[in-house]
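Following this are structure 1 and structure 2, which are two forms of one protein chain, each written alone as structure tokens.
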Structure 1
């Protein structure tokens, strides 16, 4: 059975004798495989892949995310990462192992309302995600405009090997910092930011049109030229 990008709704039968663990966004009842989401499905023999068109952001370890500090206590910051769960950034991660609440002030590094780029170091069903900013390209983001996109559409914004993001960056003379959680920070001249935001909005609307890259190219060439 070969199906290329077929529309599915929750409860649609995808496979009537599926062996093994169900792939993401599907579930098994006996040997039958059903869809859990509105999406597009690709079936090739044993391989079933479902691309959802909507859905909340579920954290995954090693994801690059963009968050906002919403609170802090003596030992950690709480970060809103546009997900079901609030993430925590431990103070030790920022101040090092000799961190002590008496000598270090958390607000000297991050204040409530600060935007930061971070990576998820741990997450599972029982615990809230824990972040780190100790890596290249992570930490506080000082300038730029945040733009939201559905988390399920982020792969489309990035494109094959980053092609779509590269087109937007070069045509609008901006830099995109793309968080897996659906927050994008656009940095650069203000005309470029407006244009890039327009392109991102078009991706939100037409995320699964096969010729999207060309559409974005046309839009940006027309608007900037």
Structure 2
């Protein structure tokens, strides 16, 4: 049995008497649970969670993502969501059921290069992801700087109950808009944005280190002091 938050390799034993369906990135042989990925395993009671340390973003329904408009036609926008798949935002989602390509101009709402906060409403491997911007907090992001992080390391940036993200925001006086697709928008004063980006890069490099929270704290205290 591995310890809590331990780095594992494909094929490593995670649990020798696991009940129920295997969590993402794992597989079962009998009641034994094994890793499918290089990653960090967290075991708390009967719960097992494997966080991959590498790999592209794979869309999932209900994921919150940050994307960039890269093209459009008469009926939808194409959105880069940092994935091997291009997402689509239907014009009807923005203009409503009375949308008509003859009477509505897509560029009146979003132009190529605009950054969006969106949610994935449908996706399977036979067709590209479809987005919505209808929910609260979604839509065009006006200001802030984008920073990339491996999608598999987003849980480390967030931390338990948002603890890591709160530390970074507090120490840098910034706001983080964190997409599950590995794009983070950092809003705030320029010096705070630079410092927050440093912290995010450290998470990229040291996601597997158990003392990462202390390292981030030390970095931000030293740099902001």
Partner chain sequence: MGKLIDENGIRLDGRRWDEIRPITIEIGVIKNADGSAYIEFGKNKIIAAVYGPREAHPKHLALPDKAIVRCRYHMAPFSTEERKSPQPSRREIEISLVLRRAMESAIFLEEYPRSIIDVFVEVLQSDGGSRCASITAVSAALADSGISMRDLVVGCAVGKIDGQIVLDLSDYEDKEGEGDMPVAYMPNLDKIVLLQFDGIFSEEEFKKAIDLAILGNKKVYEILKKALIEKYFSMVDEK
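Model, not experiment: these values are computed from the prediction. Positions refer to the first chain, counted from 1. Heads up, when I say rigid core I mean the largest set of C-alphas that superpose within 1.5 Å between the two forms.
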> Is the form predicted together with the partner chain structure 1 or structure 2?
Replying inline: 1
>> Does residue 41 shift between the two structures by 2 angstroms or more at the C-alpha, the core having been superposed?
In response: yes
> Core aligned, does the CA of residue 32 move at least 2 Å between the two structures?
Replying inline: yes
>> After superposing the rigid core, is the C-alpha displacement of residue 14 2 Å or more between the two structures?
In response: yes
>> So with the rigid core superposed, the C-alpha of residue 23 shifts by how many Å between the two structures?
In response: 4.4
